[in-house]
Structures are given as structure tokens and as C-alpha cells.
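Okay, here we've got a single chain as C-alpha cells, the form predicted alone, with questions on binding and movement later.
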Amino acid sequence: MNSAGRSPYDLEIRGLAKTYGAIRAVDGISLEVERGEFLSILGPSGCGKTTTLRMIAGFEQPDAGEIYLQGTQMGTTPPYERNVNTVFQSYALFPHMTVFDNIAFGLRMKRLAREQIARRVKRMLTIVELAGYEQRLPHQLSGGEQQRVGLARALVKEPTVLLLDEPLGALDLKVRKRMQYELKRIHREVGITFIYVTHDQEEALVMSDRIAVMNQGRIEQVDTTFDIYERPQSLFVADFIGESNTFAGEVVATGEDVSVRCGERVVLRGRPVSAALPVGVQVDVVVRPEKIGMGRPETSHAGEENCLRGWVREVVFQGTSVKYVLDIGAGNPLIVHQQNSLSYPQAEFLKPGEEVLALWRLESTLVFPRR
């Protein structure tokens, strides 16, 4: 381990584990977070992401493993001695204090000079775009504004790492989406490492530099947002991030690419995600709905390695896109998303019962060995 101050990482986790009774909440995870990075820990409820955050903050003690902040092992260091701050879903503002006093509270506890407090609070108010709100009370603010005050209060102490535990969960959808971009902007301005816990995959994709996907106490994959979406390393990641078509099948031909029989009359060609897959092995085939094109039965499909004849079962207009549900005889329907680029009143969508060809390239077809 690098000595204190020489580590290239703001946060390092080595073999971290936590058990509650018979439940293995966190199962030996390891993670490195670079300085100034925005990393999201993403996963379903109960996967261990909040427990991990609480152990980093010092609110929970791990049963095994080590946590390092800028190369210094935390061990049993109490929360108030760790240079981290946490922002929760609940704003936890002092209702009787002004915005200025809420933000300044932690600095006053550290007994900083009045002028220094005023300077740092003013800077934070500018960063979170609340300049002029200094004398307002929390009840005079909107939910998004209250969350900005909570964020400013955490950042004003200049922590090494800021921990955010689903901080936007209490906001309505429109405000939440706006705050996602605001958080990313604030992160760029302050340059502090952010560790963001969420179950919302779109939120993680919008804000993060990298994402750590957790499942049943373990990290399935840590990667850039692009690679998490386009190159998932497990069926869980492919299914959890975005929408996917998944078909169970058996490998019938192998090589650099494989052919998989899915149902009686459907054979798909795709790329194995991991090691070579032998003939006869059971696999799952995944393709994203937006990777699939559609055409009339007479349409040429040159260059498209996968071409299936099907029938439109359902059409769902979603505003920016149209979702088609196709019956292709593979045991489950094929979902296709097409961008809505048509103009009213000329817009014409396929109708239920119409026969179509579903077309997509081999590179868009991921093949996972069955677990």
C-alpha cells in the first residue's frame, strides 16, 4: 500500500465485507476511485450499495477488508475524523437557521475565523446558484433549492470524498432531472471526488465518469458509462442497465462468432462476451431494442447478419420514440425502439398484425454463458 499522501487514489477499498446475521450484505468487494472522479454505485435495493457507503463514512464497521482515504488506512477511525461528508435523501436542514447559517454550521464547529467562513459560504452559494438566498429559511425554499443547500453544507468543509446516498430521491421527476445536470456541473467546478449511490440507471449514466454495478453484495462490473451500456460483462449488467431483449438458447455453431438456436425456427448470430463457447452449451442472447431496424418483407437485408420475420403485436407511442412488440416465434417477444423522426400529419407507424423483418448486426448481439 502506498504511504499516506502518495496514493493516486482518493479512495481504495480492499476485500470489504459486512454480514448481518445470515445475510452477506457486502461480499468482499474491491474498488479504486481516482481523485476528482464521479463514480456511481448502482444496483437494485438490497444489493449492498448503501452499506458500502456507510462503511466508507465510518457509520458501520466492516467485518473484513480495508478502506483507504488518500493512502491512509481508516481502520476504526470514527466518522468525525474522516475527511468525508455525506449527503442523504432527506435534506436534514436546521429549520430555524437561515441558508447562510445552515451552510456555515460545520465551519463554525471547526472554529474557523468569521471572515474565512463568510468567504467560503459565499463561494458555495455561487457554485450552487443560490447567491441572494442567504437569509431565507428552509421552508421558504423549493425541494431542489433545499437539496442545493444540503450539498453546499457538505462541500463547504472541502472533504476528500463526498458521499451521496440517493440525494435526489425525494424530488419530483422534472426537478430531479435538472438536478442531475446541476450535480455534474457542481462536481466539475469543485473538483472533489463524488461517490454516488443510486438504483436509477439513467441517473448513473447521465452523471458518472464510471459506474460500479452491484448485485447481491458483489461488484459485477466497474467501467465507463459507455462500456457499461455497450459492453456489459454479465447478463445481470446487460439486463439491469437499459432495456434488453434476452433469449435462451443453445450454441449450434462456434468460432470467432457463434450461432445460437432460440426456439424451433430462430437462429441468431452473436459475439461471445467471455471465453469461447462450445457447441451444445446453454447461453443467453441479448440485443438492445434500439439496435434493431425494421423493414417490409421485401426489404433487402444485405450486411445485416440477423434477420427475422415477425408480426407486429403491439405499438406504443412514447413521444421521442415508438416501441414495437414483435412476435418472432422465439418463445418471447422482440422489443424494437425506433426514433420518432416523422412529421405530423404524414406520420405513419406500423400497425398490429403487419408482417415485418427485424434486422440487426452481429456486433449488437451479445452471448452470455448460462449461469
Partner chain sequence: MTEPILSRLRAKAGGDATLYAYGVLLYLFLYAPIVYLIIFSFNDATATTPPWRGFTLQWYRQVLQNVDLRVAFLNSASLGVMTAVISVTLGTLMAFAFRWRFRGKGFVFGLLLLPMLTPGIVLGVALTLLWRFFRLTPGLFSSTLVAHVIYTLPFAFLIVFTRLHRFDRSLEEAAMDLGADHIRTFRHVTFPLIRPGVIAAVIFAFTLSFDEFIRTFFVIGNENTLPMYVWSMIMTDSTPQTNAIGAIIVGLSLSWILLGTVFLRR
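Numbering follows the first chain given and starts at 1. Keep in mind the model is a prediction, meaning the values are calculated, not measured. So that the term is clear: the rigid core is the largest set of C-alpha atoms that superpose within 1.5 Å between two forms.
Below, we refer to the form predicted in complex with the partner chain, which is not included among the displayed structures.
Remark: F59 counts among the residues lining the partner chain in the predicted complex, judged by a heavy atom distance of 4.5 Å or less. Looking at G143, you'd find every heavy atom of it more than 4.5 angstroms from the partner chain in the predicted complex.
Of the heavy atoms in H337, none are within 4.5 Å of the partner chain in the predicted complex.
V84 belongs to the set of residues with a heavy atom inside 4.5 Å of the partner chain in the predicted complex. Contact check at 4.5 Å (heavy atoms) against the partner chain in the predicted complex: none of Y229, S234 and R261 pass. A heavy atom within 4.5 Å of the partner chain in the predicted complex is found for exactly one of P95, G75, P297, G132: P95. This chain appears without its partner; in the predicted complex, the one residue of R188, K174, R111, R265 with a heavy atom within 4.5 Å of the partner chain is R111. Residues with any non-hydrogen atom within 4.5 angstroms of the partner chain in the predicted complex fall in just one of 279-287, 75-83, 238-246, 120-128: 75-83. Annotation for 23-55: the only interface residue with the partner chain in the predicted complex is R54 [heavy atom within 4.5 Å]. In the core-superposed comparison between this form and the one not shown, L137 has its Cα shifted by at least 2 Å.
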